[in-house]
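Next up: a single chain in structure tokens, the form predicted on its own.
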């Protein structure tokens, strides 16, 4: 067991310094991940007495995994199927890991399976080499051979992470396989990581996932839903919605990670692709959370939906709506609203924004 990030004298999860009872949250390669901000976030919510928590825009799952480690009953939710599967593997799942025999099933060719080469023929020269595409085709079609949904989720997690780590910028936002092989000096990425075989990465991420599965003693679950449609009542609701900057440009998570959601829905992938796009993204799903005109209405509706819970919102100082608008919306339903600003500016990977600061709204 790794040392606690917030070591304390007992296991009372409602105390400010509860003992962290799980492995350290796994590394994440997702845009906007709060992994490095977990200690700061927890330090500002640790005085709140809560046991059940909804992570409404769960993303990478690091917040949910961390709070599960603090003994909370966590509900993870995200619009991306790939995020849901990763959380099913590491948040809802408490016991099941991939064995050597499971891995052998995933990596083998089976006479009873009629393999399609959909990725190899559809994504040629876009993200991965022909050999790598063929590997993905085979392994993702072997996942249904695992009987347990949790084991299948662990397998998907390992494939997702393997695919991300082999991508420039860890994204699928453009057709740029050539960047891996261009004979130029680079200020980003790691060519040896890009060129390492998929199987090597996959085995490493299976091991990482297995070491991150743990029993917390609390019932946790993973959902793939609109946050306004999530059922249940929670002591605390944590919201880290898609971010729209001061120029009105939002983060397109579906555009960044469409390939992972395609892997998760292999049988229907062909029907969902926008073949007008050069990089074969999934057909666009419009969300009010990425609309400068509609996002404030979504904030108000979500805050009102969870008005009986403590509400915590991660945000940026240059966001749209403005921080003042968010604060005022919280004050409509909460007697006490505190806005915490991180003293040291935090810069997300790939971001060129050096002026905005990280904010945390806490409404009780």
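Everything numeric here is computed off the predicted structure, so don't read it as measured data. Residue numbers count along the first chain shown, from 1.
Separately, the form predicted in complex with a small molecule exists; it is not shown, and the next lines address it.
With respect to the small molecule in the predicted complex, the three residues 25, 69 and 157 uniformly fall beyond 4.5 angstroms at the level of their nearest heavy atom. Taking non-hydrogen atoms only, residue 118 never approaches the small molecule to within 4.5 angstroms in the predicted complex. Among heavy atoms of residue 226, some come within 4.5 Å of the small molecule in the predicted complex. With a 4.5 Å cutoff on heavy atoms, residue 262 does not count as touching the small molecule in the predicted complex; it lies far away. Among residues of the shown chain, residue 77 is one whose heavy atoms approach the small molecule to within 4.5 Å in the predicted complex. Shown without its partner, this chain lists 46, 317, 33, 52 as candidates; in the predicted complex, only 33 has a non-hydrogen atom within 4.5 angstroms of the small molecule.
Only one of 303, 313, 62, 295 comes within 4.5 Å of the small molecule in the predicted complex through a heavy atom, and that residue is 62. You can rule out all but one of 157-165, 109-117, 241-249, 192-200: in the predicted complex, only 241-249 has residues with a heavy atom within 4.5 Å of the small molecule.
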